[in-house]
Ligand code: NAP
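Take a look at this single chain in structure tokens; it is the form predicted on its own.
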């Protein structure tokens, strides 16, 4: 059993302003990686810019990260970063910019290699990464993972390289500008991380302390997601970060593996696509003592109550039967996708995870 958490974390209101000197000292010139809208609306991008301006630190902004960022976008950012001679990368936003910035840091540090190296099992250097999360979802601010869209495969896939941020600046107030749907979808993604980490081949008594704590915290706010106040936002931000710590040690499992094609082919937001499998995952899990423990941590009496809660929260998602069967077959035939589930599973059981 081991614990490895190399990311320096500051979790506080106005932390970018308060820790701006530390942020600016990460390197000589930064690339700020973000999307087009949300980081401007919630003030996070401006806070990072102000920190660099105050420190007299040069920077370049790449604000073209799409939802579910693609390999192609990463390569465009790499070209700019190389041209601008940046030596560290700051990701600002939700999981998409944070994941993308890790891949971009790798590619800038290796300007002569092609995109295929993202998915090759080789040791390569990468630039330091700082993360400023603005959603309560992926936990990417503290994980080594980067999920990118592979258009040629019509799915999403984690790159082969593990890139931990050197620092995370976590300010819960950025959550306040999110729509209700975005908040719920991202929170459900964090919930999936907690559940899939606890019920996982790689789970043990040491790393389960993250999942258990996060699930207990979720029980305190699960009925307040549609009307959050400051204390709820703060708790949700911490839940996402703790959930990231959990999957950093275990990885995710079947719900995440099944969700990627649903997101790519149907445009269902990632958290929602994962969430529709969570009730079925708990019911499927063979160790009923452990799955019941997860329900208890969250404050649910039974599987049906949890499934009903998710349905009310997420609404109905209609998945074509052809996609359900094809998705299950692809997961079943991929041992790498099954390795984090500690029991044998059939294609029929994978199809029925939708409930």
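Positions refer to the first chain, counted from 1. What you are looking at is a predicted structure, and each value in this text was computed from that prediction instead of being measured.
The form predicted in complex with this ligand is left out here; the points below concern that form.
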Subject >> All of 184, 196 and 275 within 4.5 Å of this ligand in the predicted complex, heavy atom check >> reply: no
Original post:
Quick one: of 105, 140, 253, 211, which gets a non-hydrogen atom within 4.5 angstroms of this ligand in the predicted complex?
Top reply: 140
Original post:
Within 4.5 Å of this ligand in the predicted complex, heavy atoms considered, which of 234, 78, 270, 161?
Top reply: 270
**OP:** Have a look at 111 to 119, 83 to 91, 222 to 230, 255 to 263 and name the one stretch with heavy atoms inside 4.5 Å of this ligand in the predicted complex.
**Re:** 255 to 263
**OP:** Would you check, heavy atoms only and a 4.5 Å threshold, whether residue 175 touches this ligand in the predicted complex?
**Re:** yes
Original post:
Can any non-hydrogen atom of residue 165 be found within 4.5 angstroms of this ligand in the predicted complex?
Top reply: no
**OP:** Indicate whether this ligand has at least one heavy atom within 4.5 Å of a heavy atom of residue 218 in the predicted complex.
**Re:** no
Original post:
residue 283: heavy atom within 4.5 Å of this ligand in the predicted complex?
Top reply: no
Original post:
Of 76 to 108, which residues get within 4.5 Å of this ligand in the predicted complex if you count heavy atoms?
Top reply: 94, 95, 96, 97, 99, 102
